[in-house]
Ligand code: NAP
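One chain follows as structure tokens, the form predicted alone.
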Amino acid sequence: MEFRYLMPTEIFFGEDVVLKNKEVFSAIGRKALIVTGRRSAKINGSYDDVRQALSETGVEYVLFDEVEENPSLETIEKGREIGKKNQVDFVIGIGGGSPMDAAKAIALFIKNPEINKDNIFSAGKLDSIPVVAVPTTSGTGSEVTQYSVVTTHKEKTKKNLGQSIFPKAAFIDVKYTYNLPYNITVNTAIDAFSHLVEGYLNTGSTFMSDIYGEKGFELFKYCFEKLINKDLNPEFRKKVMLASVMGGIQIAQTGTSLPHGMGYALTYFKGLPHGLANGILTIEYLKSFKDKTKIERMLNILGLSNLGELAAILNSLIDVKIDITEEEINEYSKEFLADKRKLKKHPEEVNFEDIIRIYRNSLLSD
């Protein structure tokens, strides 16, 4: 047996972990750039907790609260300029995947002033200033991964920076998720589930990564029932956040696979939320496997007999109607297959017809 395993992020999970472990911030730096979206971090209490922790430990901070959903490289450059102007020495990302991914990218851009939106993807391996992550949704797992996914308008897609930017610390307090609307809870939970699925059925999967995938599926056996019944109690919030962390730790080892790569076009061109873009493709992706050994094990852990039962669950949670043509499906498929790196995590050979079939059967009505 051989495997590599790296998880350098220190995880603090529980109630009031930001304030209980406030000394972590002052051990990392003297002045922070806090990166958030425009509203949610101020509403759910996470921003206030971080601000209090910094104040009590003597750490200065400046706020950059202009991160949009699926943050663009233009936004990253803007955040970098604010960070450089204020001479920050670390970055705190508060929010869902967009602010946390933006925080990582901004930290990288601050450390490397010669980098910009035009040369980042050809820049080679780079370091960043330290990052702290405070997730406020249960889906992305970005608080425990090295990935930073941004929107590049030049290439008309979402794309991982291709760098390794693990947060030094992740403060995970489920109370920040208590007031998340049902639709956002569903979207982000399905994103977490897709991480578990794609990491588990992956050329990079190992004994160690499968531990997290299988524990995540065990949690989702409970979480799916609660989502369907709209019973979003504190126990559900805790377990779906744990499942999200498990999925993040797993894909930090394995990467994602076909649904993520194929879903980016649906998000960029059709405005479909990231989690739903993955989720709507998942069943046809699973059907495409010739060897279903691990799929059957996954279904068994979920307490399901067959893919039809999983499809029924996802169909009850996902109600997506998008206008899409055969021509668009062909174009998305060509773009996806043009980058062979997007296929390397899938354990079986796929061709153009396979990708077309997944898109078509997922998106076009009979």
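Every value quoted in this text rests on a predicted model; they were computed, and no experiment measured them. In this text, residue numbers run from 1 along the sequence as written.
Beyond what is shown, the protein has a form predicted together with this ligand; the following relates to that form.
- In summary, among the residues Pro99, Gly216, Gly263, Gly199, the only one with a non-hydrogen atom within 4.5 Å of this ligand in the predicted complex is Pro99.
- A heavy atom within 4.5 Å of this ligand in the predicted complex is found for exactly one of Lys334, Arg38, Arg297, Arg30: Arg38.
- Asp339 falls outside the set of residues with a heavy atom inside 4.5 Å of this ligand in the predicted complex.
- Although the partner is absent here, Asp48 is not a contact residue: none of its heavy atoms lies within 4.5 angstroms of this ligand in the predicted complex.
- In the predicted complex, no heavy atom of Val186 sits within 4.5 Å of this ligand.
- Contact between Arg80 and this ligand in the predicted complex is not found at the 4.5 Å heavy atom cutoff.
- No residue of the trio Ile120, Leu161 and Gln253 has any heavy atom within 4.5 Å of this ligand in the predicted complex.
- The stretch from 284-292, 170-178, 120-128, 107-115 that comes within 4.5 Å of this ligand in the predicted complex, counting heavy atoms only, is 170-178.
- Taking this ligand as it sits in the predicted complex, the stretch 120-143 comes within 4.5 angstroms of it through a non-hydrogen atom at Thr136, Thr137, Thr140, Ser142.
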